[in-house]
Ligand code: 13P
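Starting off, we have a lone chain in the form predicted on its own, written out as C-alpha coordinates.
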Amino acid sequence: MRITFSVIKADVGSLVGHHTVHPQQLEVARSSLSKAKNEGLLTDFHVTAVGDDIQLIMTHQKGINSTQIHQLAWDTFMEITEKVSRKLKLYAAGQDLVATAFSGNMKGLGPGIAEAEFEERTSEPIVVFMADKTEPGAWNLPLYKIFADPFSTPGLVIDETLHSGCTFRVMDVMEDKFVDIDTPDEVYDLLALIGTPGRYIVHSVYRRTDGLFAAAASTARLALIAGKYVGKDDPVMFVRCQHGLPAVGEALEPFAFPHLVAGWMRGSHHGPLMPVSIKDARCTRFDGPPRVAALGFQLCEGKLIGPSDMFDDPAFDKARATANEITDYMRRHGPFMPHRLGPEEMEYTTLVSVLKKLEGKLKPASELQ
(Lines give C-alpha, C1' and ligand atoms only; values in the text may rest on other atoms or scores of the structure.)
Protein backbone atom coordinates (compact mmCIF):
# COMPACT_ATOMS: atom_id res chain seq x y z
CA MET A 1 0.00 0.00 0.00
CA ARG A 2 1.03 3.60 -0.55
CA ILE A 3 1.62 5.45 2.71
CA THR A 4 2.77 8.89 3.81
CA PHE A 5 5.10 9.07 6.78
CA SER A 6 5.13 12.48 8.50
CA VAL A 7 7.21 13.63 11.46
CA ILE A 8 6.33 17.12 12.65
CA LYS A 9 7.92 18.69 15.75
CA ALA A 10 7.65 21.88 17.75
CA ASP A 11 8.74 23.43 21.02
CA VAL A 12 5.56 24.91 22.46
CA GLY A 13 6.69 25.39 26.04
CA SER A 14 8.86 23.48 28.46
CA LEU A 15 9.18 22.51 32.09
CA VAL A 16 11.99 24.14 34.10
CA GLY A 17 13.57 26.25 31.38
CA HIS A 18 14.49 24.40 28.18
CA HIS A 19 14.77 21.08 30.00
CA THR A 20 11.85 18.80 29.13
CA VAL A 21 8.11 18.72 28.37
CA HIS A 22 5.24 18.37 30.83
CA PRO A 23 3.25 15.09 30.77
CA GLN A 24 0.00 17.01 30.22
CA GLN A 25 1.38 18.37 26.95
CA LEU A 26 1.85 14.84 25.64
CA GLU A 27 -1.64 13.87 26.85
CA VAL A 28 -3.21 16.70 24.83
CA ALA A 29 -1.20 15.70 21.75
CA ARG A 30 -2.21 12.04 22.01
CA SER A 31 -5.86 12.98 22.50
CA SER A 32 -5.82 15.21 19.43
CA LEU A 33 -4.19 12.61 17.18
CA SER A 34 -6.35 9.81 18.57
CA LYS A 35 -9.45 11.75 17.55
CA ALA A 36 -8.00 12.27 14.06
CA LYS A 37 -7.27 8.54 13.79
CA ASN A 38 -10.79 7.63 14.86
CA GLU A 39 -12.16 9.99 12.22
CA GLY A 40 -10.05 8.28 9.53
CA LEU A 41 -7.61 11.12 8.89
CA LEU A 42 -4.63 9.20 10.29
CA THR A 43 -3.74 5.57 9.80
CA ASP A 44 -1.63 5.56 12.97
CA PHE A 45 0.47 7.83 15.17
CA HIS A 46 3.02 7.98 17.98
CA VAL A 47 3.71 10.97 20.22
CA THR A 48 7.03 11.43 21.96
CA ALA A 49 9.39 14.15 23.16
CA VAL A 50 13.12 14.82 23.09
CA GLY A 51 14.23 17.60 25.40
CA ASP A 52 11.70 20.42 25.15
CA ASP A 53 10.41 19.35 21.72
CA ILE A 54 7.26 17.36 21.01
CA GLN A 55 7.31 15.06 17.97
CA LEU A 56 4.16 13.93 16.17
CA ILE A 57 4.96 10.77 14.19
CA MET A 58 2.05 10.06 11.85
CA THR A 59 1.11 7.72 9.01
CA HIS A 60 -1.71 8.53 6.59
CA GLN A 61 -2.70 8.45 2.92
CA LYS A 62 -3.08 12.17 2.28
CA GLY A 63 0.33 12.68 0.62
CA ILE A 64 3.06 15.15 1.53
CA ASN A 65 2.21 18.80 2.23
CA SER A 66 -1.38 17.80 2.96
CA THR A 67 -3.38 20.76 4.22
CA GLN A 68 -5.43 18.42 6.43
CA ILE A 69 -2.38 16.84 8.09
CA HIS A 70 -0.53 20.11 8.54
CA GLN A 71 -3.67 21.73 9.92
CA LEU A 72 -3.99 18.85 12.39
CA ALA A 73 -0.40 19.31 13.57
CA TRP A 74 -0.78 23.10 13.83
CA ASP A 75 -4.04 22.83 15.76
CA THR A 76 -2.49 20.22 18.06
CA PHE A 77 0.47 22.45 18.88
CA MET A 78 -1.82 25.44 19.41
CA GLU A 79 -4.07 23.39 21.71
CA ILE A 80 -1.07 22.27 23.77
CA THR A 81 0.10 25.87 24.02
CA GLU A 82 -3.26 27.22 25.19
CA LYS A 83 -4.45 24.35 27.39
CA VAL A 84 -1.17 23.45 29.07
CA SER A 85 1.84 25.65 28.33
CA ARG A 86 0.26 29.01 29.09
CA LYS A 87 -2.01 27.66 31.81
CA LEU A 88 0.97 26.20 33.71
CA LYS A 89 3.22 29.17 32.80
CA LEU A 90 5.70 26.83 31.16
CA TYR A 91 8.78 28.44 29.71
CA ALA A 92 8.65 29.86 26.15
CA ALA A 93 5.04 28.83 25.54
CA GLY A 94 4.40 28.51 21.80
CA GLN A 95 8.06 29.28 21.02
CA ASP A 96 8.20 27.53 17.63
CA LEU A 97 4.86 28.87 16.41
CA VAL A 98 6.36 31.98 14.83
CA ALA A 99 3.30 32.58 12.62
CA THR A 100 0.01 33.82 14.05
CA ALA A 101 -2.28 31.60 11.99
CA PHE A 102 -2.24 28.53 9.76
CA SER A 103 -2.02 29.32 6.05
CA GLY A 104 -2.61 25.94 4.38
CA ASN A 105 0.91 24.54 4.76
CA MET A 106 3.28 24.28 7.71
CA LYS A 107 6.28 25.59 5.75
CA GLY A 108 7.49 28.89 7.14
CA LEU A 109 5.31 28.70 10.25
CA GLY A 110 8.00 27.42 12.64
CA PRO A 111 7.58 23.66 13.30
CA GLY A 112 10.05 21.23 11.72
CA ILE A 113 8.78 18.75 9.14
CA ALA A 114 10.18 15.57 7.61
CA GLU A 115 7.77 13.60 5.44
CA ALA A 116 7.61 11.39 2.38
CA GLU A 117 5.15 9.25 0.45
CA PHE A 118 6.22 5.77 -0.62
CA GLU A 119 5.04 2.24 -1.34
CA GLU A 120 5.26 0.13 1.80
CA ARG A 121 7.58 -2.82 1.22
CA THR A 122 7.10 -6.45 2.33
CA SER A 123 9.04 -5.50 5.46
CA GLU A 124 9.45 -1.80 6.24
CA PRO A 125 11.83 -0.87 9.10
CA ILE A 126 12.08 2.88 9.73
CA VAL A 127 14.23 4.73 12.24
CA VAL A 128 13.12 8.19 13.36
CA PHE A 129 15.91 10.44 14.64
CA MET A 130 15.08 13.45 16.84
CA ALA A 131 17.55 16.03 18.13
CA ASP A 132 17.40 18.80 20.71
CA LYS A 133 19.59 21.91 21.13
CA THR A 134 20.91 21.90 17.58
CA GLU A 135 20.06 22.79 13.97
CA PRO A 136 19.00 20.86 10.82
CA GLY A 137 22.57 20.82 9.50
CA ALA A 138 23.39 18.43 12.34
CA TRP A 139 22.12 15.59 10.11
CA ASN A 140 24.57 16.36 7.27
CA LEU A 141 27.48 14.28 8.59
CA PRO A 142 25.39 11.26 9.69
CA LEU A 143 23.45 11.20 6.40
CA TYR A 144 26.70 11.38 4.43
CA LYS A 145 28.14 8.48 6.43
CA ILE A 146 24.93 6.41 6.13
CA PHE A 147 24.49 6.84 2.39
CA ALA A 148 27.93 7.70 0.96
CA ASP A 149 30.66 6.36 3.26
CA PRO A 150 31.52 2.65 2.79
CA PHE A 151 33.59 2.70 6.00
CA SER A 152 30.30 3.29 7.82
CA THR A 153 27.93 1.46 5.46
CA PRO A 154 29.62 -1.59 3.89
CA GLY A 155 26.39 -2.21 1.98
CA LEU A 156 27.60 0.45 -0.47
CA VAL A 157 30.33 -2.01 -1.44
CA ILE A 158 28.76 -5.45 -1.08
CA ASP A 159 25.02 -4.87 -1.77
CA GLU A 160 24.47 -4.65 -5.54
CA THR A 161 21.31 -2.58 -5.11
CA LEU A 162 23.24 0.07 -3.15
CA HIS A 163 26.50 -0.23 -5.09
CA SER A 164 25.49 2.40 -7.67
CA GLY A 165 25.19 4.98 -4.89
CA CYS A 166 22.60 7.51 -3.84
CA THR A 167 21.22 10.90 -4.80
CA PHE A 168 21.33 13.62 -2.15
CA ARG A 169 18.89 16.53 -2.40
CA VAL A 170 20.57 19.51 -0.73
CA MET A 171 18.84 22.74 0.27
CA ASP A 172 20.49 26.17 0.26
CA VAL A 173 18.40 27.62 3.09
CA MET A 174 19.78 31.12 2.56
CA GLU A 175 18.70 31.31 -1.10
CA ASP A 176 15.76 28.85 -0.84
CA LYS A 177 17.14 26.67 -3.63
CA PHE A 178 18.02 22.98 -3.95
CA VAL A 179 20.34 20.77 -5.97
CA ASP A 180 20.46 17.01 -6.54
CA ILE A 181 23.93 15.47 -6.24
CA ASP A 182 24.80 11.89 -7.18
CA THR A 183 27.28 9.81 -5.21
CA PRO A 184 29.88 8.44 -5.52
CA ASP A 185 30.51 10.38 -8.79
CA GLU A 186 29.94 13.83 -7.30
CA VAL A 187 30.89 13.09 -3.70
CA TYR A 188 33.39 15.96 -3.54
CA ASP A 189 30.74 18.40 -4.79
CA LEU A 190 28.43 17.09 -2.08
CA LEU A 191 31.06 17.59 0.63
CA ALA A 192 31.84 21.08 -0.67
CA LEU A 193 28.26 22.04 0.18
CA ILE A 194 27.21 20.06 3.24
CA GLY A 195 30.45 20.81 5.05
CA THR A 196 28.77 24.19 5.66
CA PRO A 197 25.80 22.87 7.67
CA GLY A 198 24.48 26.30 8.61
CA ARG A 199 23.56 26.98 4.99
CA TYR A 200 23.50 23.75 2.97
CA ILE A 201 21.29 21.05 4.48
CA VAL A 202 20.46 17.55 3.27
CA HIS A 203 16.72 17.47 2.62
CA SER A 204 16.31 13.88 1.37
CA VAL A 205 18.16 10.90 -0.06
CA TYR A 206 17.19 8.47 -2.86
CA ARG A 207 18.66 5.25 -4.24
CA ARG A 208 20.19 5.96 -7.65
CA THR A 209 19.26 2.71 -9.38
CA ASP A 210 15.52 3.39 -9.27
CA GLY A 211 14.96 6.62 -7.31
CA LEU A 212 13.62 4.73 -4.28
CA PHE A 213 13.08 7.15 -1.40
CA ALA A 214 15.49 6.46 1.48
CA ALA A 215 15.53 9.35 3.97
CA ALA A 216 13.93 12.70 4.75
CA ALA A 217 15.02 15.48 7.11
CA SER A 218 13.57 18.76 8.36
CA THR A 219 15.38 21.80 6.96
CA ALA A 220 13.54 24.84 8.36
CA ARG A 221 15.67 27.33 10.31
CA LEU A 222 13.65 29.36 12.80
CA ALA A 223 15.99 32.35 12.75
CA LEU A 224 15.57 32.73 8.99
CA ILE A 225 11.79 32.58 9.37
CA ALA A 226 11.51 34.97 12.30
CA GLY A 227 14.52 37.16 11.44
CA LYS A 228 15.79 36.88 15.00
CA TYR A 229 16.70 34.30 17.62
CA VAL A 230 13.59 32.44 18.78
CA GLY A 231 15.19 29.15 19.81
CA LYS A 232 17.17 26.47 17.99
CA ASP A 233 15.56 24.40 15.26
CA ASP A 234 15.88 20.96 16.88
CA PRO A 235 15.55 18.84 13.72
CA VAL A 236 13.96 15.48 12.94
CA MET A 237 14.62 12.92 10.22
CA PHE A 238 13.75 9.34 9.36
CA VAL A 239 15.58 6.64 7.44
CA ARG A 240 14.16 3.59 5.69
CA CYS A 241 16.33 0.53 6.28
CA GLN A 242 17.15 -2.98 4.96
CA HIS A 243 16.18 -4.64 1.64
CA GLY A 244 18.49 -2.71 -0.67
CA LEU A 245 18.88 0.23 1.72
CA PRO A 246 21.32 0.65 4.62
CA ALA A 247 20.82 -1.86 7.43
CA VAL A 248 19.48 -0.55 10.73
CA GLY A 249 22.93 -0.92 12.28
CA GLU A 250 24.46 1.05 9.40
CA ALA A 251 21.96 3.86 9.97
CA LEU A 252 22.87 4.00 13.67
CA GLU A 253 26.65 3.64 13.34
CA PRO A 254 27.46 7.32 12.53
CA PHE A 255 26.08 8.38 15.91
CA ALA A 256 28.78 6.39 17.70
CA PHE A 257 30.89 9.47 16.89
CA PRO A 258 29.48 12.49 18.80
CA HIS A 259 30.35 15.09 16.16
CA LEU A 260 30.26 18.82 16.86
CA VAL A 261 27.03 20.63 16.04
CA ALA A 262 25.77 24.19 16.42
CA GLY A 263 23.22 25.09 19.08
CA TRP A 264 23.49 24.21 22.76
CA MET A 265 23.19 27.13 25.21
CA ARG A 266 21.18 30.06 23.77
CA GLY A 267 21.63 28.49 20.33
CA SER A 268 25.08 30.09 20.28
CA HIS A 269 27.63 27.34 20.90
CA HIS A 270 29.21 24.27 19.34
CA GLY A 271 28.94 21.02 21.24
CA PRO A 272 28.90 17.22 20.75
CA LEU A 273 25.75 15.44 19.62
CA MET A 274 25.19 12.81 22.32
CA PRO A 275 23.14 9.69 21.42
CA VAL A 276 20.73 8.90 24.27
CA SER A 277 17.62 6.92 25.14
CA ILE A 278 14.28 8.72 25.32
CA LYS A 279 14.45 8.71 29.13
CA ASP A 280 17.81 10.50 29.00
CA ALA A 281 16.78 12.99 26.33
CA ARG A 282 16.56 15.84 28.83
CA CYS A 283 19.09 18.61 28.46
CA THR A 284 20.60 19.97 31.66
CA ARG A 285 24.30 20.85 31.62
CA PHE A 286 24.65 24.28 30.00
CA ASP A 287 21.21 23.44 28.57
CA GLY A 288 22.77 20.42 26.93
CA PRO A 289 24.87 18.98 25.59
CA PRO A 290 22.90 18.52 22.34
CA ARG A 291 21.04 15.20 22.30
CA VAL A 292 19.82 12.79 19.65
CA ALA A 293 17.33 9.98 20.27
CA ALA A 294 16.14 7.34 17.83
CA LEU A 295 12.96 5.28 17.70
CA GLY A 296 12.65 2.27 15.43
CA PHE A 297 9.33 1.15 13.92
CA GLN A 298 8.08 -1.58 11.63
CA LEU A 299 5.33 -0.43 9.28
CA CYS A 300 2.48 -2.89 8.76
CA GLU A 301 -0.27 -1.65 6.46
CA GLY A 302 0.51 1.83 7.69
CA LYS A 303 0.41 0.81 11.36
CA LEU A 304 3.38 1.72 13.55
CA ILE A 305 4.68 -1.44 15.20
CA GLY A 306 6.94 -0.49 18.10
CA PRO A 307 8.77 1.64 18.91
CA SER A 308 12.13 0.32 19.97
CA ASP A 309 14.42 2.81 21.73
CA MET A 310 17.50 2.38 19.53
CA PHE A 311 20.10 4.24 21.61
CA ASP A 312 19.04 2.57 24.87
CA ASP A 313 22.03 0.28 24.45
CA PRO A 314 25.39 0.03 26.30
CA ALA A 315 27.05 -0.14 22.88
CA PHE A 316 26.67 3.66 22.82
CA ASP A 317 28.10 4.17 26.32
CA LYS A 318 31.53 5.04 24.87
CA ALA A 319 29.93 7.63 22.58
CA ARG A 320 28.23 9.20 25.58
CA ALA A 321 31.47 9.20 27.58
CA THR A 322 33.31 10.78 24.66
CA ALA A 323 30.58 13.41 24.35
CA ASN A 324 31.05 14.29 28.02
CA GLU A 325 34.80 14.66 27.50
CA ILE A 326 34.20 16.91 24.50
CA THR A 327 31.72 18.88 26.59
CA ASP A 328 34.38 19.54 29.23
CA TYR A 329 36.89 20.62 26.59
CA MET A 330 34.53 22.94 24.70
CA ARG A 331 33.15 24.51 27.89
CA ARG A 332 36.65 25.58 28.95
CA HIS A 333 36.68 28.00 26.00
CA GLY A 334 33.93 30.03 27.69
CA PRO A 335 32.77 32.88 25.41
CA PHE A 336 35.58 32.31 22.89
CA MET A 337 35.31 30.66 19.50
CA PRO A 338 35.24 27.85 18.48
CA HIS A 339 32.92 27.09 21.42
CA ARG A 340 30.85 30.15 20.65
CA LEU A 341 29.51 30.25 17.09
CA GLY A 342 31.05 32.43 14.39
CA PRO A 343 29.75 35.93 13.62
CA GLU A 344 27.62 34.80 10.66
CA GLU A 345 25.60 32.59 13.01
CA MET A 346 25.57 35.01 15.94
CA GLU A 347 23.79 37.71 13.91
CA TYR A 348 20.52 35.92 14.66
CA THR A 349 21.10 35.78 18.42
CA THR A 350 20.68 38.27 21.26
CA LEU A 351 24.36 39.27 20.89
CA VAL A 352 23.28 41.76 18.22
CA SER A 353 21.58 44.02 20.75
CA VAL A 354 24.70 43.96 22.92
CA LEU A 355 26.95 44.97 20.00
CA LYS A 356 24.66 47.88 19.10
CA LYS A 357 25.54 49.49 22.41
CA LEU A 358 29.16 49.73 21.25
CA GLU A 359 28.44 51.34 17.87
CA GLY A 360 28.60 54.88 19.23
CA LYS A 361 31.96 54.19 20.87
CA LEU A 362 33.70 52.92 17.74
CA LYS A 363 36.27 55.37 16.32
CA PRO A 364 38.32 55.45 13.09
CA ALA A 365 41.66 53.65 13.36
CA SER A 366 43.32 56.84 12.08
CA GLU A 367 42.66 58.42 15.48
CA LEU A 368 44.98 55.94 17.19
CA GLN A 369 47.88 57.78 18.88
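Throughout, rigid core stands for the largest set of C-alpha atoms superposing within 1.5 Å between the two forms. Quick note: we count residues from 1 along the sequence shown, nothing fancier. Please read these numbers as outputs of a predicted model, since none were measured by experiment.
The next section is about a form of this same protein that is not shown, the form predicted in complex with this ligand.
Verify the flagged residues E124, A281 and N324 against this ligand in the model of the complex: is each one within 4.5 Å by a non-hydrogen atom? Checking in the model of the complex: none of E124, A281 and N324 is within 4.5 Å of this ligand.
May I ask you to state whether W264 is within 4.5 Å of this ligand in the model of the complex, using heavy atom distances? So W264 counts as contacting this ligand.
Though only this chain appears here, would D234 touch this ligand in the model of the complex if you measure heavy atom gaps against 4.5 Å? Flag for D234 set to yes.
Taking this ligand as it sits in the model of the complex, is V179 in contact with it (heavy atom to heavy atom, 4.5 Å or less)? It does not: once this ligand is placed as it appears in the model of the complex, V179 has no heavy atom within 4.5 Å of it.
Is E347 part of the interface with this ligand in the model of the complex - any heavy atom within 4.5 Å? Judged by the heavy-atom cut-off of 4.5 Å, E347 is in contact with this ligand in the model of the complex.
Looking at 182-190, 264-272, 67-75, 164-172, which lies within 4.5 angstroms of this ligand in the model of the complex, counting heavy atoms? It is the stretch 264-272.
Go through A93, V98, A116, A247 and name the one with a heavy atom inside 4.5 Å of this ligand in the model of the complex. The residue in contact is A247.
Listed residue (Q298, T196, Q242, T209) with a non-hydrogen atom within 4.5 angstroms of this ligand in the model of the complex: Of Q298, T196, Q242, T209, the residue with a heavy atom within 4.5 Å of this ligand in the model of the complex is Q242.
Residue by residue through 27-58, tell me which have a non-hydrogen atom within 4.5 angstroms of this ligand in the model of the complex. Heavy-atom contacts to this ligand in the model of the complex: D52, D53.
Rigid core superposition, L15 Cα moves 2 angstroms or more between the shown form and the other one: No; that C-alpha moves by less than 2 Å between the shown form and the other one.
Do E347 and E175 have their C-alpha atoms closer or farther apart in the model of the complex than here, with the shift being 3 angstroms or more? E347 and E175 sit farther apart in the model of the complex.
Would you mind telling me if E347 and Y91 are closer or farther apart in the model of the complex than in the shown form, C-alpha to C-alpha, with a 3 Å or larger change? Closer together, which means the C-alphas of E347 and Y91 are at least 3 Å nearer in the model of the complex.
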